[in-house]
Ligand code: NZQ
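The chain below stands alone and is given in structure tokens; this is the form predicted on its own.
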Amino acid sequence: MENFVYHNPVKLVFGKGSIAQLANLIPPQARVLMTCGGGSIRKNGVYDQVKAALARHSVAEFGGIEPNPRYETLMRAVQLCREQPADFLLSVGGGSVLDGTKFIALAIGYSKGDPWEILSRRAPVAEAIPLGCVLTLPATGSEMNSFAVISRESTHEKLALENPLVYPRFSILDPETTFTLPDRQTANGVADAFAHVMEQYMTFPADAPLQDRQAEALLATLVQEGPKALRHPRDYAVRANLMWAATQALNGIIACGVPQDWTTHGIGHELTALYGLDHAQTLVALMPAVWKHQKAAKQAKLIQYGERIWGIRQGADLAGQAIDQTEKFFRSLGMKTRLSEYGIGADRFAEIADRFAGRGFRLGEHQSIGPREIVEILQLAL
């Protein structure tokens, strides 16, 4: 296990009725900008709960943040905040709304040029507007980390940022807010959290048995509870377990001291940018292909995963069985697992690989995946 530093300042407020605590979490004199998405919070009652909790606060609103938050949309919020200054940003919605809010918080005071440079050049930012969130869709883990992923429609790019200034001051997680999620969003959330765990787990043995067992506990929980949520969407215990697992999947704890491989996410971002697929849809289509391509390098962990999560102990190809079982699990959630099922062919694979070459990026826990390997992985995902 390698040396590491773990830092996470987020205050989590978990459980039914917890939105009412907003009044005590945001300073009473703060001018609040509430950010949200396409309107679901008005249908499920979350909007009314937030407004009631903040009845004595000054609250402005900015809606319309997309499932893959767009730079162009977010810059309208930045301009609004520059014209009508806010002291606190409150994200109400899923992880995409929170990702977009993190970017807004950084971009408001950025005056060195185009705020896109925060993502494209990792331009340093000295300050950010404080923010918090009311989470309604467990998936990204953004409620307990300092990451965000933003899309730019004009250039068909999707890039990530990391900055400790955008750790939420607090995150409210009420499982009841997830009762009315459509099946597609529930399945996406399970798959997204599953992939987050895997990118920190499916590498090679690193003498870190505790981290392995922590990751496996999350995987087993997602495998157990995910299908239940689709069958019983208003089961509080199931929704609570999923919400907590998604938060734990990307809050940094299982990454401590172990190698990571974010190949699936890296390539998946390009598929979303070019084709508009849901983030989780790209992960489900790509992950088995990445493992097939890297099966020799990941053999030991694939076998361990297959035995501990799926009970696979016999057969000629234990690693291959683990990959196949994972694809079956995604299918059981009603998800497509091949790019061809989305009408995607090989005509733009070289373009995707060239993007990584142009940025000088190499992927994989051994940095062994370059443009040629990316094309091979995409071919395996067809």
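This is a predicted model, so every value here is computed, not measured. Numbers follow the displayed sequence, beginning with 1.
Omitted here: the form predicted in complex with this ligand. The next part is about that form.
Looking at this ligand in the model of the complex, residues Asn44, Ile65 and Pro182 each place a heavy atom within 4.5 Å of it.
For the candidate set Leu137, Ala245, Ala187, Ala107, a heavy atom within 4.5 Å of this ligand in the model of the complex is found for exactly one residue, namely Leu137.
Checked against this ligand in the model of the complex, the candidates Ser171, Gln200, Gln294, Thr178 yield a single residue with a heavy atom inside 4.5 Å, and that residue is Thr178.
Look at 301-309, 223-231, 201-209, 90-98: in the model of the complex, residues with non-hydrogen atoms within 4.5 angstroms of this ligand sit in 90-98. Interface residue remark: Gly39 is counted as part of the site for this ligand in the model of the complex, having a heavy atom within 4.5 Å. A residue is said to contact a partner when one of its heavy atoms sits within 4.5 Å of a partner heavy atom; His265 meets this definition for this ligand in the model of the complex. Taking the partner from the other structure, this ligand in the model of the complex has a heavy atom within 4.5 Å of a heavy atom of Phe147.
Using a 4.5 angstroms limit between non-hydrogen atoms, Leu250 touches this ligand in the model of the complex.
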